[in-house]
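There is one chain below, alone, in structure tokens, taken in the form predicted alone.
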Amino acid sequence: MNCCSQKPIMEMPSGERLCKTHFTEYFESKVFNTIRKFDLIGKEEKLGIALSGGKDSLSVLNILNKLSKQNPRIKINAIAINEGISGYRDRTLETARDFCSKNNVKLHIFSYKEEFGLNLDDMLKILKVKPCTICGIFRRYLLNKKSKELKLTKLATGHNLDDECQSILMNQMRNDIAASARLGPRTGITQNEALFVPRIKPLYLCTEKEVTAYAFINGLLDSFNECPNAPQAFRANVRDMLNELEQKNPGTKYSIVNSFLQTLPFLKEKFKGGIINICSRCSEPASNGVCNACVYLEKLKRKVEA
């Protein structure tokens, strides 16, 4: 059944087929309901959006920018990290710059080269590590550090339901339940705004398919670019497995995330109260005496000097 006389572009799990206009209304309403349900955004915020220039981050920025226009007390800043991935990040950053320029969004760009002295491509030539491991450590480090410097009250990321589902299963497979306790629409266990800028996921209940459709039909981007390092990640294997399960058993991803949300409060209670260390070198949060970013920087330094 179609929603109206316009050409349908998306079939919903219920069987209803939505046109561009009604799908956009459905999607944006879903995001706003997620924000209300999990109390992600207050009436007055200085919000940061982690902007890569991909479909997820552009979609969440587009919707939160609309929210900012409805409520001027919610200020929007975009943060982009240039890891230095040749032939990839330069293109997505151009998309990010273009969107922010057209929509009057302040964009802050920080690079591995300027902050750490090396691009990711150069780091991977020096150290034999999985690209996503070292990249993730430095990316999270910069996002938190720069968000504090910009005095942001929260940082919104483009993580969608598929991303969360993958993370849940990856942590199960790695026997790392403590990591799952840090998941959810609001990430983290301990709220210490002096050390961590709270992170939120407005797209938490939106599937990747829905986000992709929203981004393309609303002209947020005209091509899909995947990081060239992504196929090497464990996440890629879990993603493919979940997609196969979803195709055979529609609703699998929703079931995994919804059941996880029922256990999440117990996980956060179990792992709360852990000690947060301060890195002796950079004064950023650390699980040990020295944070992982500084550990890798030291390894890079030794290799370069050897």
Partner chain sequence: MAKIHVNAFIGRENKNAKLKLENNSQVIDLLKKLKINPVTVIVSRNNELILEDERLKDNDEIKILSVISGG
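Between two forms, the rigid core is defined as the largest C-alpha subset superposing within 1.5 Å. Positions refer to the first chain, counted from 1. Computed from a predicted structure; not experimentally measured.
If you look for the form predicted in complex with the partner chain, you will not find it shown, but the lines that follow are about it.
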**OP:** Spot the stretch among 276 to 284, 242 to 250, 58 to 66, 32 to 40 with residues whose non-hydrogen atoms come within 4.5 Å of the partner chain in the predicted bound form.
**Re:** 242 to 250
Original post:
Would the partner chain be touched by all three of 7, 11 and 227 in the predicted bound form, meaning a heavy atom each within 4.5 Å?
Top reply: yes
**OP:** Evaluate residue 142 for contact with the partner chain in the predicted bound form, applying a 4.5 angstroms cut-off between non-hydrogen atoms, and reply yes or no.
**Re:** no
Original post:
So in the predicted bound form, does residue 212 come within 4.5 Å of the partner chain, heavy atom to heavy atom?
Top reply: yes
Original post:
Any of the heavy atoms of residue 93 lying within 4.5 Å of the partner chain in the predicted bound form?
Top reply: no
Subject >> Heavy atom of residue 22 within 4.5 Å of the partner chain in the predicted bound form >> reply: no
Original post:
Of 217, 105, 197, 233, which residue is found within 4.5 angstroms of the partner chain in the predicted bound form when only non-hydrogen atoms are counted?
Top reply: 217
Original post:
Core aligned, does the CA of residue 250 move at least 2 Å between this form and the one not shown?
Top reply: yes
